[in-house]
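Next up: just one chain, as structure tokens, the form predicted alone.
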Amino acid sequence: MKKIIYIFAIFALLAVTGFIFFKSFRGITPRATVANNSELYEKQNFNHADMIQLPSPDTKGKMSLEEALTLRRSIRSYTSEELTLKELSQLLWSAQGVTNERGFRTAPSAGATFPLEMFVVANNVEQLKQGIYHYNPFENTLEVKHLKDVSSDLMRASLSQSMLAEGAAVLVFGAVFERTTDRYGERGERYVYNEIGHASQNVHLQAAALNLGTVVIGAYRDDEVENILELDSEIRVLYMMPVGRPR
């Protein structure tokens, strides 16, 4: 009888140890599950009054990855030429485009939680009125948030960096941190910042391949920018990338 109790105690101890180990490390090692966040997208309170279907992105290009890497530079001065809707579609797809039926994107995401939300400030884009748009990666569409010129306000909120007003468009990288931290806890914040780096580098390389110029903007007054863009309170702006034809 004592032997049975002893064996049972050992198994119980192993079970408790395994549970503690799992709880301790679940925030460090990402799970292998895939979560398509199309339902999360549907819950966002975006303005659905208007929708623009974007041209289908190209998945094969004329420039090699090696050449795009060589040409990648931070470009801060642009001409007054407009950006085409096709070019804008390609840039947005490079950042967060859906690449298979399971909802995977062009940039890796911890646990497939996909915290990023992409917005566009259109200053001079073919077929688009000046305004703020939200990118729907599942439908490859733009949804109108506000039709107004915010370029000057955005420039002032970003320490008067003129490229934000001179660029034909500004790609805004927002993040809903809770999508990732709900799964990974505090460490999920690091994963969100990692993902911003993946997505923004994709845009840099795509811009180089399209003979466009861009630069990463990280210096701005957070609250002021988010108020100008009138984003939901759960969305934090982490990066902005003005895009245009190099001067």
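As the structure is a computational prediction, the values presented were derived from the model and not from experiment. Residue indices: 1-based, along the sequence shown.
The following text describes the form predicted together with a small molecule, which does not appear among the structures shown.
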**Asked** Which of these stretches, 100-108, 69-77, 116-124, 131-139, has heavy atoms within 4.5 Å of the small molecule in the model of the complex?
**Response** 69-77
**Prompt:** With the cut-off set at 4.5 Å between non-hydrogen atoms, does Ala207 touch the small molecule in the model of the complex?
**Reply:** no
**Non-hydrogen atom contact Met163 with the small molecule in the model of the complex at 4.5 angstroms** = yes
**Message:** Would you classify Leu65 as touching the small molecule in the model of the complex, given a 4.5 Å non-hydrogen atom cut-off?
**Reply:** no
**Item:** 4.5 Å heavy atom contact, Ile217 to the small molecule in the model of the complex
**Value:** yes
